[in-house]
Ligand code: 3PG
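We begin with a single chain expressed as structure tokens, specifically the form predicted alone.
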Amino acid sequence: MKSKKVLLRVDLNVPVSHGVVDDDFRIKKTLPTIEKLRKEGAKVILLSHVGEKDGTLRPIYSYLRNYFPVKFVEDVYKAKDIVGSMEETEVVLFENLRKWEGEKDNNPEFAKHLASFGDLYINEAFSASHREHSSIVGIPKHLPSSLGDLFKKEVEELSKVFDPQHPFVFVLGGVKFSTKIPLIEKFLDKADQIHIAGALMNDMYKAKGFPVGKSVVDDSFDPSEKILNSSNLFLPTDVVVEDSKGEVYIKKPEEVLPNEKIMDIGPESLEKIHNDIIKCEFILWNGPLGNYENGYSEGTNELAHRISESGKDSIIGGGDTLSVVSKLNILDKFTFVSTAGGAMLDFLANGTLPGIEALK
């Protein structure tokens, strides 16, 4: 690795407020790989995205300077001189790759251009590897490529879900049920209990004929009879609702009025999940239980504490889930915390990711 220019695809897509990193979990998970390469004498070129086209990695650049010297490249088409003058152990961070159309379009010429800066490519961005973007699947066509240690750890830990200890409890929250149907169908026969929460429960209520008022729903949701009638898939038996005046109530699903929105699971439902956790040996959790961004965090926070205190094997993931446990300062209380959200779900559903297939 000595003197080699290493293109290191990382995921530095972290929350930023007023130019300051809010949650550094993903960055800290990446630091050991960067330091390992530096100790081996490599010249490290960091590739990442942050948000969409208007996002900038400058706040992350400022953050990284607390750990090692790093140079910032604003334009990937004006990087030749900086990269060409790199010395051993130096680190360069390229600006948000999504500023250029070729990244998300997986443009062959853009991938070739990025690859021209390196001798080797390492993918350490498990959490972004469900995307067929140039920096994920295009660069490996031009350079000797491999997975990083963090990526391998993600695969190793998440693969335990394919042959779990039993009883196995799966808690799935968040939104976009239609993208999670394959995952649910796969684990209906593997999990002893699947608890559906978040906006996903609204879709299930609607499909079962329950009133959902003004709740968020996914109009593309089209569940199979197997999902709707499964005996080991559970919906909350009570919910927290908010009416048009901002008043909050706890109700049964069948009692939701036309002017109300379902915002969180109720205490009875949380207790049901907790009872299953007490009896289980393995827990998988992805996605908040309620409308966390609008202040309905009680159910999600309580579940996080109960899983962390259960002493059971637990794997958790999802961007919003990470924000919850990070703010509660209990990240070290789980068996494994994935850096991924969508990539975690895709890997569990398919057993692989485009970023993995690109290296075969």
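Predicted model only: the values in this text are computed from it and were never measured. Just count from 1 along the sequence shown to find any residue number.
Omitted from view is the form predicted together with ligand 3PG, to which the following refers.
Stretch-level contact analysis of 184-192, 279-287, 126-134, 142-150 against ligand 3PG in the model of the complex, using heavy atoms and a 4.5 Å limit, identifies 126-134. Contact with ligand 3PG in the model of the complex, judged by any heavy atom within 4.5 Å, is made by just one of D332, E293, E309, E52: E52. Taking the partner from the other structure, ligand 3PG in the model of the complex has no heavy atom within 4.5 Å of any heavy atom of K43.
In the model of the complex, ligand 3PG lies within 4.5 Å of some heavy atom of D11.
In the model of the complex, at least one heavy atom of R98 sits within 4.5 Å of a heavy atom of ligand 3PG.
Taking a 4.5 Å heavy atom cutoff to ligand 3PG in the model of the complex, the one contacting residue in 14-39 is R26.
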